[in-house]
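What follows is a single chain, given as structure tokens, in the form predicted alone.
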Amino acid sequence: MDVSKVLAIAISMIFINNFILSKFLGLCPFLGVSKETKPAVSMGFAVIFVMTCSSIITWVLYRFVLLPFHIEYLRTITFILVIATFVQLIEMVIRKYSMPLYRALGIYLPLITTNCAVLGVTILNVDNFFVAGKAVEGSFFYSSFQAFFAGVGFLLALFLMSGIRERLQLLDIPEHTKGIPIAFVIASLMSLAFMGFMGFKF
């Protein structure tokens, strides 16, 4: 396993190809949960867990079930079922051990099931680390790292957004821009800032 490649994956998934601010996936929980920092960070850690575990299971299923039986066309529905299973697991655990957090996350916790970012990272892993129906060397570890750091990028975006929105509550802004309108403006500016990591293209 190449350490420099792992570092490149980490920088890419957190900053350059951030799923929220560069690929615009997972915007629903990003806008819905980012009003306060605590639920935003909790959602971020839940997404990291789901992304990492889902990527591990989907890699195994794709490598040892879908490819040998030539049913790769079922990858999307298979990946969605894996993601839904982990989301239900997290929901049950949070509901059992932290009811206030469960109420704070509300409808956005089940929405991880349909979170495009979680599904996107599993498909990206397959596209990046399988060539001609075969896994590249170290693909299992690279897929796991890519999913983990994609989740870290998701958490970073949520944390930054929640911090900005909490500060905005203390400011006097026009009434018609409060809530979702100002959130879209902030998200756009954050996206422009993160796109600076890609460098200039002429």
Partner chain sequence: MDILVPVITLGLMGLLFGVGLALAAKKFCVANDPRLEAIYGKLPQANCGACGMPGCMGFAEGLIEGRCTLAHCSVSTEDALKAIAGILGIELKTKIKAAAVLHCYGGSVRAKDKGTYRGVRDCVNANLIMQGQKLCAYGCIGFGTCAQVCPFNAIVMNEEDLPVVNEDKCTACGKCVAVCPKKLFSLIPKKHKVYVACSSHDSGKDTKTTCSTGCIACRLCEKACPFDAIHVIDNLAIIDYNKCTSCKKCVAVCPVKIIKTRE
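For clarity, every value in this text was computed on a predicted model and none was experimentally measured. We call the rigid core whatever largest set of C-alpha positions still superposes within 1.5 Å between the two forms. Residue numbers count along the first chain shown, from 1.
Not on display, but discussed next: the form predicted in complex with the partner chain.
Novice: Though the partner chain is not shown, can you say which of V131, L74, I123, C116 has a heavy atom within 4.5 Å of it in the model of the complex?
Specialist: That would be L74.
Novice: Taking heavy atoms and a 4.5 Å cut-off, does L61 contact the partner chain in the model of the complex?
Specialist: L61: contacts the partner chain in the model of the complex.
Novice: Tell me, yes or no, whether V65 is in contact with the partner chain in the model of the complex, where a contact means a heavy atom of each within 4.5 Å.
Specialist: Taking the distances in the model of the complex, the answer for V65 is yes, it comes within 4.5 Å of the partner chain.
Novice: Indicate whether V82 is a 4.5 Å heavy atom neighbour of the partner chain in the model of the complex.
Specialist: Result yes; V82 sits at the interface with the partner chain in the model of the complex.
Novice: Using heavy atoms only and a 4.5 Å cut-off, decide whether all three of L155, F159 and R165 touch the partner chain in the model of the complex.
Specialist: The answer is no; none of L155, F159 and R165 reaches the partner chain.
Novice: Can you name the residues of 79-97 that have a non-hydrogen atom within 4.5 angstroms of the partner chain in the model of the complex?
Specialist: Result: L81, V82, T85, Q88, L89, M92, V93, R95, K96, Y97.
Novice: Comparing between this form and the one not shown on the rigid core: C-alpha of L124 shifted by 2 Å or more?
Specialist: L124 C-alpha, core-superposed: shift of less than 2 Å.
Novice: Rigid core superposed, CA of I80 - does it shift 2 Å or more between this form and the one not shown?
Specialist: The answer is no, as the C-alpha of I80 shifts between this form and the one not shown by less than 2 Å after core alignment.
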